[in-house]
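This document opens with one chain alone, in structure tokens, the form predicted on its own.
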């Protein structure tokens, strides 16, 4: 009896572990994040994504070929970067969108695009991934929408696996610093229940922003003075020291104020398939001693 090569046996074993493929049944009716019931009569073939995270997710689940246009911030993977740009959520080029003849446009609940596009006969679905668990549930929803349910389940498994690998390291951190993560200099930060806030915790930091302020709150600078964090991320030491009362903060005095590298800043702000990669980059900043 002929013996199969070890690599073939391993590949077959891994394939056996993949989720069972299941085709989506159309018409498909679902409730989007605007509370609207949207019915897709058939599998969408020509999609415009106005959210970079959705663009990445569609490609990760094997539906990149359905994209015919994206917002101006969608730039990953390379296949997406080459697609026609149709503005962004708050400054869309509707004429260009209609010209691409999409059968579905993915938007955000904040975009206010659905009315205009619906009048033009183009279905829209508003999806947002602001909380950690939503990254997984909405990835599965996107899988249903584009008839890639098994692939979406596999992407979710991969994200969870990547995150678990980092958590194994950060769980052993001797001390978890109190941390302020700034996402905008006005200043905006992240609440502990946002997807970024959860990642900050998994990176081995203690967020100084209370959950009561919401997921992405604009914070009172005095709150940061009172919290006196040991680590500050998302801004430079110079910028922090220039703010009233911040020059004496523990993080500033200890030189533990770290701006985010551009690539990390991009993937950290995009809930989606690269979330495990974002967590690893964040954990390196919080606990460099664990990655030597």
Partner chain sequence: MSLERTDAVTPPRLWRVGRTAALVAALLAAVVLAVGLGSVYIPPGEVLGALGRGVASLWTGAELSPEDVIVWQLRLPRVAMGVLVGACLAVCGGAFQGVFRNPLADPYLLGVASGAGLGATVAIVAGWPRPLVPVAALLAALAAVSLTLTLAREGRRLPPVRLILAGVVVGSILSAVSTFLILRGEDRARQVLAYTLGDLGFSGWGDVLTVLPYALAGGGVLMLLGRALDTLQLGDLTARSLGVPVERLRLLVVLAASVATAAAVAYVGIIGFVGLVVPHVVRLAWGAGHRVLLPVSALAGGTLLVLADLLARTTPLSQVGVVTTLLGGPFFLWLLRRGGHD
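Everything numeric here is computed off the predicted structure, so don't read it as measured data. Numbering follows the first chain given and starts at 1.
The same protein has a further form, the form predicted in complex with the partner chain, not shown here; the description that follows concerns it.
TODO: Have a look at 197 to 205, 137 to 145, 214 to 222, 115 to 123 and name the one stretch with heavy atoms inside 4.5 Å of the partner chain in the predicted bound form.
DONE: Among the candidates, contact is made by 214 to 222.
TODO: Note which of 41, 253, 45, 37 lies within 4.5 Å of the partner chain in the predicted bound form, where distance is taken over heavy atoms; exactly one does.
DONE: The residue from 41, 253, 45, 37 that makes the contact is 253.
Open item on the list: Can you tell me whether residue 184 touches the partner chain? I mean in the predicted bound form, with a 4.5 angstroms heavy atom cut-off.
Closed with: Yes, residue 184 is a contact residue.
Open item on the list: Whether residue 65 contacts the partner chain in the predicted bound form should be assessed with a 4.5 Å heavy atom distance threshold; does it?
Closed with: Heavy-atom contact with the partner chain at 4.5 Å: absent for residue 65.
TODO: Answer yes if any heavy atom of residue 176 is within 4.5 Å of a heavy atom of the partner chain in the predicted bound form; otherwise answer no.
DONE: No, no contact at 4.5 Å.
Task: Close approach of residue 75 to the partner chain in the predicted bound form, 4.5 Å, heavy atom - done: Result no; residue 75 lies far from the partner chain in the predicted bound form.
TODO: Scan 234 to 255 and write down, in order along the chain, each residue with a heavy atom lying within 4.5 Å of the partner chain in the predicted bound form.
DONE: The stretch touches the partner through 243, 244, 245, 246, 253.
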